[in-house]
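Shown next are two forms of a single protein chain, provided one at a time as structure tokens under the names structure 1 and structure 2.
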Structure 1
Amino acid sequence: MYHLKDLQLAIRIADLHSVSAAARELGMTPASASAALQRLEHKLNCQLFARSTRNMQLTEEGQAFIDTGRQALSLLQGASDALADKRGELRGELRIALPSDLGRNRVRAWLDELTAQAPELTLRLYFGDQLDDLIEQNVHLALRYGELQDSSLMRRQLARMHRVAVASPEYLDRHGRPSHPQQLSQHKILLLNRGNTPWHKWRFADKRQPLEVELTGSKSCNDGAVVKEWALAGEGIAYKSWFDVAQEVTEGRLELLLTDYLAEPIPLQLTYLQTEYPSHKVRTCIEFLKQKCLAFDSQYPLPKP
């Protein structure tokens, strides 16, 4: 009879296709993880993984085992959580994936507030603007813009927020202020990469008619926070959520552009796995962030033309 930790490890190895990566995540050495996996395979008398030095792939048998192992572990996790829940305790680890800019500059502080109230809660934040697989990421919650289509996920909408074009006053003084989205092509454009390719279609609306402009960037990167920093440094025009730039605009460090051509607002959603009823700590975090978003809305109303 094997150790539950070994099962958890095997599941993560299957998710990440890597012993080392799983070991790092679970805070153990690769050697120890390798030994644990072999232990498990030996006890099951079955080779779960087909190994090449560079890649771990589940065997057919391994697939079946890991699948139901995942179910069982989820049940057990739920049972443990339920115990803590009943006592109304907020303890344990909370793993959250966040968009880089929103995460660093706004949500991080909110979550710090939450953990100040609940000191037994351990926070693990994963910043990034790539829409990675929630299972692979192994987080409880992922905060993401836009509609998610993965049906295995539950979602809770926190807000709907406009995307806006912004640039620094210095840049605009030098290069002029575009008065229509079509004029953007004559500007330096700062793009966010999603996946491998820049996200180069910006959405606006002209008298309620959708208007999409396709742009080539003078700079692009995969981190939304860096895009904003470029904009602040006068490197060009960025297309950001109002969430991300409200404060800078209020302070006058960034300037709103093309507010007559705002497209429909984009939802900001919190997604989580459907496999388990969210535990007390997760539910609390969801509600907390929902409150904070509401407060944000009234503190920073988007200046309408």
Structure 2
Amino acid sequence: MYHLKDLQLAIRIADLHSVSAAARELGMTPASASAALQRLEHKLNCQLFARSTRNMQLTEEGQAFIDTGRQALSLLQGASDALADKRGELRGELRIALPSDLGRNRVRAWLDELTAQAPELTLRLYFGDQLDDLIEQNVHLALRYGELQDSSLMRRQLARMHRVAVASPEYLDRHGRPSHPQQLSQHKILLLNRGNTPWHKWRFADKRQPLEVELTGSKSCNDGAVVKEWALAGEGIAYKSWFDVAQEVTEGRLELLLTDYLAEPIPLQLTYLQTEYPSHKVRTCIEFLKQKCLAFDSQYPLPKP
């Protein structure tokens, strides 16, 4: 009989199409993961994957095994979660994907508070600003800005917030303060990359009419935290969510711009895969972060223009 860990490994190889990527995620060496997969295939007396130098694709038998194995793991996890629910326990692993800037500088500390209250709850965080697939990333929850297109996901809105243009006082003293969004083209612009494409269309509103300004960046990065660091260092103007920059604006390290032209606020949402009933740890985390967002919004209200 094979081990449960071998099944978990095979499922992650199927999701990631890579032995080495699955090994890293599960804390194994690529060599030990390859050996475990070979043992599993030997015990099953079938080849689960068609191997190439670049990719791992499921065979027909492998697809059938992985589909059934995924259901079995889900049932086992559901049984464990049901027991924890009955006992009112917070235990097991909680995997959460977070936006880079908000995750590192705000939400991580909040989640540290949660795990301090629940020593048997282990936390695994993934930082990034890409809209990755929840199954491929193997997370319970993903915190994301904006409306989401994937109808297969459940979502819980934590807050609605504005995106704002900000720059350091030092930069603005040197280069001047734009009085209209169209004047941003005269400034150094710091862009966030979404995938391989800079997010170069910034949204505002002029007399309640949507206004989109297309800009060229002097610098761009796929990490929102780096974009904010550039703004703090006086490298240019950034376009950030209010939650990302509220503390720096309050402290005077960044200055709000164009507040007469704010677009409609966007949702900040926790997303998770559809299940009949989310686990106790997932429900607890959602409610905990909801309360944290409400408290933060109360502590750092967006200044009125």
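Since the structure is predicted, the reported quantities are computational estimates derived from the model, not experimental observations. Sequence positions of structure 1, starting at 1, serve as the residue numbers. The term rigid core refers to the most C-alpha atoms you can superpose between the two forms while keeping them within 1.5 Å.
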Only one of the two shown forms is the form predicted in complex with the DNA, so please name it by number.
1
So, superposing on the core, is the move of G69 at the CA at least 2 angstroms between structure 1 and structure 2?
yes
After superposing on the rigid core, what is the C-alpha displacement of C46 between structure 1 and structure 2, in Å?
3.2
